[in-house]
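Form predicted alone, single chain, as structure tokens, below.
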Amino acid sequence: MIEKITDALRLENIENWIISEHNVHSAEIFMIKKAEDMRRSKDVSSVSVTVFNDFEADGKKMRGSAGIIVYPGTEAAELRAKLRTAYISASYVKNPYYELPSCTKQALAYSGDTRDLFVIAEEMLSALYEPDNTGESFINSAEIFASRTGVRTLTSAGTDVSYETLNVKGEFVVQCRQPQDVETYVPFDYSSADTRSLSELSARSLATVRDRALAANAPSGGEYDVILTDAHVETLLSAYLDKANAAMVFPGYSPYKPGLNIHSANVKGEKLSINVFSREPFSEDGIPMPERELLKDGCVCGIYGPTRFCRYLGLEPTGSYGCMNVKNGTAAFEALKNRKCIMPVVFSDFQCDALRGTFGGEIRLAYCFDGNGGVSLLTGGSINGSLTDKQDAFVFSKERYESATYSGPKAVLIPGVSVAGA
């Protein structure tokens, strides 16, 4: 297929291009309660092709781009027609000219889990169902997908890189019927067969859906010290990754630049230290993507992002990073709860807007601590806060939380957050 595409590009006189081939092998298991409902395997191959068209508009040099997907079995005439259409479409994309990445040649040998994908999926299912033994709450249904993806990227500049990755992801629904019938949807995503993390997630989810069934009252409105945990910490901190993306910096949506201190002179909590990493060793255009520093003690270490925007900023292209390794963490998790505070653990949809610097969500379950050892269960209401206003006071737990896209503190304490309630 690759040779067929390069021949078609040559015949269409398209000089600048990127080809990315993906071969995905997956094992999928679907469960209803503890009984297997269905299993299937898939082998899916596809190739994406991006073509670049250089032209002038209003006396300025432009470089437009457009992409197509090519599936096995595509005839040569159809392929040439699709490439020709994409090349013409690219002439309407008036992006100022920028240089494409230079040549990289590297094939990485797969060093991950080589077991059969169904063996991996079954092992993760065993971990998922291990805590499901109380009878009070239970796993209503589950889906698990173990996939191994081989990627090869070639460019007109001579780049030829290849690698293979493993992914285990899925979702499950936990349910508790008494004293009220409640269900909670829980997704998961790992880059390995992380049975420990999945079993812990299952246990937490079974406990929280039981507590959600017991919760009846909304919190009183006012300001609270708020503790966010697990995936909600990742969502909160992902705003910093977005702010340091060249695609946000170049148009002026983000003020970030290397050396900028994001904290004020009056830091009462922990200064942020965050590294970024990628699930893939190369970007979509073949750039090596090692782990890099994003923030160190609150100072911006670098701006990272797609080639076009990096070039516009006068930076060497790095690729777009989507994962974080957060270095913070000074307090024990239990110590964070030894105060009057509220800890929402289930939201209808918790979000953090990097552009506006706000975070919030509607509470489905929260634990309210009275500072004297008492805990009450709450449901309803919402939290709303400003990342910029609160980031000088963040205190993170020593305990860690891991997913495919995050490694960092399990919890963060945020003082004085507005809570809307009863």
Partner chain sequence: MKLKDSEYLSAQAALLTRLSDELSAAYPYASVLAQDSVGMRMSVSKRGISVSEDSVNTKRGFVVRVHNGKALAEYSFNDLNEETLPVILKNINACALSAAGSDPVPEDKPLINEYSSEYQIDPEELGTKAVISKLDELRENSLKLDERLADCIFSFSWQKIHKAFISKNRRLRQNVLWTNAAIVMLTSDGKDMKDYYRPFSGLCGAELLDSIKDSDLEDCARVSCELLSSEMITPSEYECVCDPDVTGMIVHEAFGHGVEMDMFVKDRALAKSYVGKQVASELVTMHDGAAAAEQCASYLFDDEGTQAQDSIVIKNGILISGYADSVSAARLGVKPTGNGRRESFERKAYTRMTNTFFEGGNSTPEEMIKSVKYGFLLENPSSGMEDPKNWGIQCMVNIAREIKDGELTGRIFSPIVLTGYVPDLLKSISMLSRDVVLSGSGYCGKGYKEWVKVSDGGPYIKAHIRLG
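Numbering follows the first chain given and starts at 1. Here, rigid core means the biggest group of C-alpha atoms that superpose within 1.5 Å across both forms. The shown structure was predicted, so the numbers you read here are calculated from the model rather than taken from an experiment.
What comes next is about the form predicted together with the partner chain, which is not displayed.
From the list 245-253, 103-111, 275-283, 262-270, the contact stretch for the partner chain in the predicted bound form under a 4.5 Å heavy atom rule is 245-253.
For the chain shown alone, residue 44 is a contact residue for the partner chain in the predicted bound form, at least one non-hydrogen atom being within 4.5 angstroms. Using a 4.5 angstroms threshold between heavy atoms, residue 203 stays clear of the partner chain in the predicted bound form.
At least one heavy atom of residue 37 is located within 4.5 Å of the partner chain in the predicted bound form. With a 4.5 Å cutoff on heavy atoms, residue 57 does not count as touching the partner chain in the predicted bound form; it lies far away. Between the options 136, 291, 316, 183, the residue in contact with the partner chain in the predicted bound form by a heavy atom within 4.5 angstroms is 183. When the partner chain is considered in the predicted bound form, only one residue from 156, 141, 320, 229 comes within 4.5 Å through any heavy atom, namely 141. Residues 69, 171 and 421 are all found to lie within 4.5 Å of the partner chain in the predicted bound form, as judged by heavy atom distances. Contacts to the partner chain in the predicted bound form (heavy atom within 4.5 Å) from stretch 288-326: 308, 309. When two forms of a protein are overlaid on their rigid core, residues whose CA moves 2 Å or more are considered shifted, and residue 37 is one of them between the shown form and the other one.
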